[in-house]
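Given as structure tokens, the chain that follows is alone and in the form predicted on its own.
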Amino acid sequence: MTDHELQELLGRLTIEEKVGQLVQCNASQFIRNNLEMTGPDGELLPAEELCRVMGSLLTFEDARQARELQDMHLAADPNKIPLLLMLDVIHGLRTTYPIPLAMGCTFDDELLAECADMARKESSACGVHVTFNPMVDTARDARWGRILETNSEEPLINSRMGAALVRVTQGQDLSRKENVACCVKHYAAYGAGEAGRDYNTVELSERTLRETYFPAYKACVDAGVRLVMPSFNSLNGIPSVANKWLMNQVLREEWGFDGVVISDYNAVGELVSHGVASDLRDAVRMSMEAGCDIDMVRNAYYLHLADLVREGTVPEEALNEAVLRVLNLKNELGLFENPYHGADEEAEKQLYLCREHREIARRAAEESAVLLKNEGILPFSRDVKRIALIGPFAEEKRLNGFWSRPGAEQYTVTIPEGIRALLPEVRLDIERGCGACFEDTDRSRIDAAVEAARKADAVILAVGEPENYSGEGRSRAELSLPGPQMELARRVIAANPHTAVVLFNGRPLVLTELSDIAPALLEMWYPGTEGGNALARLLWGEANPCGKLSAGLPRSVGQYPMPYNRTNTGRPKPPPDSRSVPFTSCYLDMPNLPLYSFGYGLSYTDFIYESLTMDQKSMNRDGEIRVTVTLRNAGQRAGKEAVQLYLQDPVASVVRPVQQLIDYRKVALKPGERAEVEFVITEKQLRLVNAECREVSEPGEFRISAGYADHLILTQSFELKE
């Protein structure tokens, strides 16, 4: 449709029909109830009427259902305006790749883009028009279960990976049937809730918002994302869905976003619970004034918006603008010409879990794994004939993580399946040992696990947290291994020191004791469909671990929040970190630094950082400096290394981080091979948000280092001139 035709269509709609375009329903209301009277919170709403006027649906199952729902709606809608069909495709549709936090550990934007492309193909075949992805909330407290949905505690990684996902998923032309529109979430600062509790209050200065939390959202807007979802939380006293400064001033005026804003699930209705709206009608008024276009699921707009427009409380012009944004999105997707977009049952059969997609998922699982510790245990020799596979995750199929599609576990390659596929002659003695839930107290099988460990040539101890212990609404106050897993670990490792501990979890856990006793420690996160194959290849050296922590691992929950890019304070703690120093910023009972720092990760080979050089020692604001890091593989195996570049700004008008990642590059080196990894520093990377909340760069000395957080090496200085 042309712009003129869209305007004509808008002009033909009644107020109720316009409101309908801003109403999103759950597909289950129509599929399972067969158009009975239905609605959230026990309210009885006319499903047949909703089916006629609604503008979008979420949470359907497949291409057949997508077509049926579209047909059902179009048959009822006299204006024949197609539905938008939306789905949470967070880390794969049917072929599941590792959780986003794990993908951040790859430090590889191109690999993330490959995974996103795979998900795009499967999603479009399923009939998805919009995916609620990427989630780029910066999170620095692992008590918050949704940390698994973001790539990192570092805004740069979230920005680059989020923008890469948007570009690949949406493509150059949304009307092409294989492309899917993205919705970036949750705007803003959802990951900074008090005490790590989901949905909780956020209080942050504007400086902190602009420096730490806004950049990733803006990067996705700059990449062309078509939808934005406000966060559940209140931000400085105002819930995001009703926050005019956040939505109208920053998002639309400053950043120039012209797409659709959609609330999160019942977020409009929750304004009443927040205590800022007197009732649901008032909540609708506030959300519309803040520029929220679509009301997800609550049907608040359906119930009250038309009346508010008729009485003049909400201007009809505001309604028209919101509806036109929705119609524009449908037009961009080509739905007026092809309402089914890419929905194709035959394509689903060809794409779902195909060999190519499984290979991408396996490679992602290998490269997102982080080797935390290795005392010569790994990789296992192929001469090892008898393996004891022990732990509550020894045969677990639920290794996909939150937001994987229902039934995803039936396609997951388990650890035994992966090992037997790689080494069919190896004897596997499998003992669960104990459970992994909070309520698990049964220790009766630990003795059998210990006996299996004694008899084995080597042990794989698979521990972690159950899949449903991290994700939305899954905050934890303690981050230790649930159940009697530590008792199992102590006894198994004592029985056989040739033990490799493998972790499956959706957030950083407190591993202080386990790290002390484990000869080898491999963090697999939730690796997805190909988890078992990837793990087997990693354990036997067919693949070389190359993941680096995208969020530091704490010694204790009491360290949170613990951003790697902290500031010194006026009384910084002097080294060594292991001792307490009175009247400095430190703990009496433990070091300040994490157990394992951001950017850390081992390999089966040895990478030597030989030098860091710059082509000049000063630059003007319109200039650049080329930094070259020379890296050598001094080991006996081929491997990949994420070369990380850090900035320090020693003196500025506001306090600056002790270290700040400003660039990274993944390189592959053969044994003995040397590489010169080049970075280009520009004035933009030196900017800060000043006391007036303006983004500026200030002249003076800067320092550049390689390495990883808290372990910077090869530092060089340069000057930014006026």
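From 1 onward, residues are counted along the sequence shown. Every value quoted in this text rests on a predicted model; they were computed, and no experiment measured them.
There is another form of the same protein, the form predicted in complex with 1-deoxynojirimycin (NOJ); it is not shown, and what comes next is about it.
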Exercise. May I ask you to state whether Trp540 is within 4.5 Å of 1-deoxynojirimycin (NOJ) in the model of the complex, using heavy atom distances?
Key: no
Quiz item: Though only this chain appears here, would Met296 touch 1-deoxynojirimycin (NOJ) in the model of the complex if you measure heavy atom gaps against 4.5 Å?
Solution: yes
Quiz item: Would Arg146 count as a contact of 1-deoxynojirimycin (NOJ) in the model of the complex, using a 4.5 angstroms cut-off between non-hydrogen atoms?
Solution: yes
Quiz item: Applying a 4.5 Å heavy atom distance criterion, does Glu409 contact 1-deoxynojirimycin (NOJ) in the model of the complex?
Solution: no
Quiz item: Is 1-deoxynojirimycin (NOJ) close enough to Lys548, Phe598 and Tyr646 in the model of the complex that each of the three has a heavy atom within 4.5 Å of it?
Solution: no
Quiz prompt | Candidate stretches 259 to 267, 632 to 640, 212 to 220, 566 to 574, one within 4.5 Å of 1-deoxynojirimycin (NOJ) in the model of the complex by heavy atom | solution = 259 to 267
Self-check item: Single option in His73, Arg325, His186, His304 placed near 1-deoxynojirimycin (NOJ) in the model of the complex, where near means a heavy atom within 4.5 Å
Solution: His186
Practice problem: Could you check which residue among Asp108, Asp141, Asp344, Asp88 gets a heavy atom within 4.5 Å of 1-deoxynojirimycin (NOJ) in the model of the complex? | Solution: Asp88
Quiz item: Out of 126 to 142, which residues reach within 4.5 Å of 1-deoxynojirimycin (NOJ) in the model of the complex, heavy atoms considered?
Solution: Phe132
